[in-house]
Structure formats: C-alpha cells, structure tokens
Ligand SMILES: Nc1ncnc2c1ncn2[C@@H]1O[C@H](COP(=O)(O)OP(=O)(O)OP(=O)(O)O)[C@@H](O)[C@H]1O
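This document opens with one chain alone, in structure tokens, the form predicted alone.
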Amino acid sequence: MTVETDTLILHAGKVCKHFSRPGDEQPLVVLDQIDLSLSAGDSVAIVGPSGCGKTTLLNILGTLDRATSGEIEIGGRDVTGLNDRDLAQVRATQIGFVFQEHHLLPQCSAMENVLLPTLARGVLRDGSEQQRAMMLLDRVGLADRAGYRPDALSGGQRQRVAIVRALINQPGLLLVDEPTGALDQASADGVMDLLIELNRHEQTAMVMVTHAENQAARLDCVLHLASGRLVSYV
C-alpha cells in the first residue's frame, strides 16, 4: 500500500529473514525483500499456505522477532536497532496483538484482562483506563460481562475481550494472527465485523494473517506470501 511518508504508522523496507540449517551451507530463506507500508485506518490481509512465513512476518512487524536484514519503522520511528527493553516499550504503547488463541488469564475477569496491558505503561491510574475499557467492552456488546471470567464466556466472547485488550492502549498498529481459526462460522463473522468496525473507528493500521480467504477479502488489500515475497492477490 502506498501512502504519504508523514502519515505512515508502519513501514517495512526490504525485510529478510533467513534461518541456518545444520549441515547445509545455504540458509533457509523465509522472507525475501518484504516491503509494506500502512497509514492510519488501513487494513491489509496476508494469505498463504501453512509454513510460508506469515506468522514470522507478523512477529517481525510486531518486534517480537528480529529480521536478518531490512528496516522496520513504527509511528515514524526506526525500531530496527532498538534494544530489548526499548522494543518492549514500543510493543506496550504502539502495538496491539490478537492471536488465534485468546490467551486470557483464567483467574481474571474480562475487565481485568482488558486492563493488563495498561500496567506495562507505568503511568498513574486516574480512572481513564477503566472508562476506556468499559467503553470498548460496551462497543463489542460485553459491558454486562465485564466481571465474568473467561470460562463463563463463549469462544467468540473471549476473542472479543482479546480484541478489546489489544486496543486498550490506543495502539497505532494492530497485528492479528488467524483470529477466527478456532471459531464457528457465525462467531468468525462476528469477530471480523468487529475488527473492521474498530479498525475504522479507532483508526488503527491493521495487518491480519489468515487462511480464510473469504475473511481476508473483507479488508482493504489482500497480499499473498509466496517464496518469501509479498505479491498482490488476485
């Protein structure tokens, strides 16, 4: 996606990821010269077969993994050379993650799970976090479930809580990994409706990797990852 430089939320330039293989002088090339740029409100789906490197790319974009070469900019800041502590701060304040498994803490209520990322920001609580959490839970239809623990929620409801948790710190970038893979069709459609609505309302830049081509087609742009390269999907 081509956007003006001063509006970029995410820029990946010539990103490569290689893995050494025992007994083989040639490394395994998973990502090869990946370029990707998104601004606020953009959404892109990345599709491709299992093992092609979709999750590896998502982890690099989210600073959970480091590229072999290339550059990553988040919110106009080059994060390529940052140390682990600074990268953790970037993740806490600028990036939201939604995974196929919700990863909610079973002993915590929906509200408590949503508020967990605010602890990493190291700011004094003034009640605004709770107000935003309740506002988001209300928007996804779960205000009356704020005090429920995950085992009292359906699969779709747990995933909605995970989405709210990812957005609580108002990140500029939302990274979504197979968000509907563990859900039935009705719940999957509901989760996609929610992601699209919140992407537009919150004006995040969203990157989603998925096997579900019907869900991918609902986003602004669909790219196919093949042989380490991103190409437009037809």
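Note that the structure is a prediction, hence the values are computed from the model and not measured. A residue's number is simply how far along the shown sequence it sits, counting from 1.
What comes next is about the form predicted together with the ligand, which is not displayed.
The chain is drawn here without the ligand; in the predicted complex, the stretch among 161-169, 23-31, 66-74, 36-44 whose residues come within 4.5 Å of it by any heavy atom is 23-31.
Interface membership of residue 50, defined by any non-hydrogen atom within 4.5 Å of the ligand in the predicted complex, is confirmed. Heavy atoms of residue 56 reach within 4.5 Å of the ligand in the predicted complex, making it an interface residue.
Though the partner is left out of this view, residue 218 does not reach within 4.5 Å of the ligand in the predicted complex, counting heavy atoms only.
For residue 14, no non-hydrogen atom is located within 4.5 Å of the ligand in the predicted complex, even though that partner is not displayed. Residue 211 is the only one in 185-218 with at least one heavy atom within 4.5 Å of the ligand in the predicted complex.
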